[in-house]
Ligand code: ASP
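This document starts with one chain, in the form predicted on its own, laid out as C-alpha cells.
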C-alpha cells in the first residue's frame, strides 16, 4: 500500500474545531500515515498567529521588556486546545521549560519553533499517532544551511520505526543541537522532506484554499482555478508572489517525482491543484498557467560604451551588491547596458553608497535609477510553442495604457516578466489575464 504525507497549515490547525476536521481527513484514508503540522494560525479576523506571538515574546526579552501578558496568551490558547481535545501532554512542564530557556537567551529560532513543537504533540495525542520531533532529524550545518542527504537518511531510518507519526514542521537542528528554522512558511518544506524520506506516492498540502488560481482574486474577479501545474511553473509563480506554497517546498519531492496536491481542509472533497513534473497532455492547449507579481522594486540602469567587450564588468557589478549582502531579482542586459532589479527591502538605506561604489569601480557613462517598480510574471509552458503570445501580452498592456519599463524572459521561455510602475500593477495583471482568459477556458 502506498504512503501519503499530509501537511496541515496554520489555519487548518488553528483550534480544536479545525483539528476535528484534520482527524476526519486522516481517518478517511489509511494511506495518510505521516502528518506534518504548523503552529496554530488565526482563528478569525483580528486574531494572532501563535508564531507571531512567540516572535514578539522574544523581541520583548531582547529589549528587556516584560512579555508575561503575551506569553500567557500563548499558554492559554494551547491549554484551551488540550482541554477541548480531551488529551494530556504535560503542557505545564513544557511551558516552564520554554520560559526558562527563553529567559536564558535561547534565541528567536528556538522560541518560534515551539508553536509547531507543541501543536505536533497535541495533534499526535489526539490522532493516536506517535510524536516524532524534527530536532536531530532535520539537519542544518553550523552555518545554518539545510543538509539534504543527511536529513533524508535520518528521517527515513527513524520513520521506518513508526507506522504513523506526527512531525512538527518549520525547524530542525544544527550540529551543536541549537534549533534552526526555515524561513516563514517553512512547514511546507518539512512536509516535502518527509514525503521524500518515506518515498510517498503523494504529498498533500492542506490549507484554507482550494489550490492555485490563475491570478490573485483580490485583483481579478473570480480567476480560473489551476487544476494541474508543473514544478517549474509553480516555482516561477511562487517566486513572484503566489503564496499558497513555500517556493522551496518543491525541491525535495521534485527529484523523486512525487506529486504535490494542494487541498482545502474546509472542503476536503474538492480535488484542489495537482503539482506534477510535467503538465498533463490535456492541458497542452493552455497558453498561460498563471500570473503573479509584486511591488516595490528599484532598478539600477547602467550604460557604458563597449561594456560587452570589458571582461568581468557584470561580475564586478554583482560583487558590489554582494558586499552589501544584496541579491538581485533580474538582470536584463544589452550590448552597452545592464539593468539590475533589486527589492526595495533589500536595499534598505544603502542605495547612495552603492551608486557611489558603482561610479568608482565601474565608471559607467550614465546611471539611472527607477523607483517604485512592480514586476509582473506571466507563466506557462504553452507560451514557448505559440506564435504571437508576447505580442498579445504587450498589446493588452498598451490598450490598458500601462507603460512597460522593463522586459525580461527566462531561458526556458515559460515566462515573460515585465516591469511597470507600482500604480499600474493591478491594471497590468487584469489586462494580461483578460487577454488570455478565453483561451484558458478551452
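Predicted, not measured: the structure shown is a model, and the values here were computed from it. Numbering follows the first chain given and starts at 1.
Just so it is clear, the following notes concern the form predicted in complex with this ligand, a form of the same protein that is not shown.
In the predicted complex, this ligand lies farther than 4.5 Å from every heavy atom of residue 303. The shortest heavy atom separation between residue 270 and this ligand in the predicted complex exceeds 4.5 Å. A residue is said to contact a partner when one of its heavy atoms sits within 4.5 Å of a partner heavy atom; residue 344 fails this definition for this ligand in the predicted complex, lying far away.
When contacts are judged by a 4.5 Å heavy atom cut-off, residue 38 counts as touching this ligand in the predicted complex.
The stretch among 24-32, 371-379, 38-46, 64-72 whose residues place heavy atoms within 4.5 Å of this ligand in the predicted complex is 38-46. Distance criterion of 4.5 Å from any heavy atom to this ligand in the predicted complex singles out 170 from the list 206, 170, 297, 203.
186 is the sole member of 364, 211, 252, 186 with a non-hydrogen atom within 4.5 Å of this ligand in the predicted complex. Taking a 4.5 Å heavy atom cutoff to this ligand in the predicted complex, the one contacting residue in 94-126 is 116.
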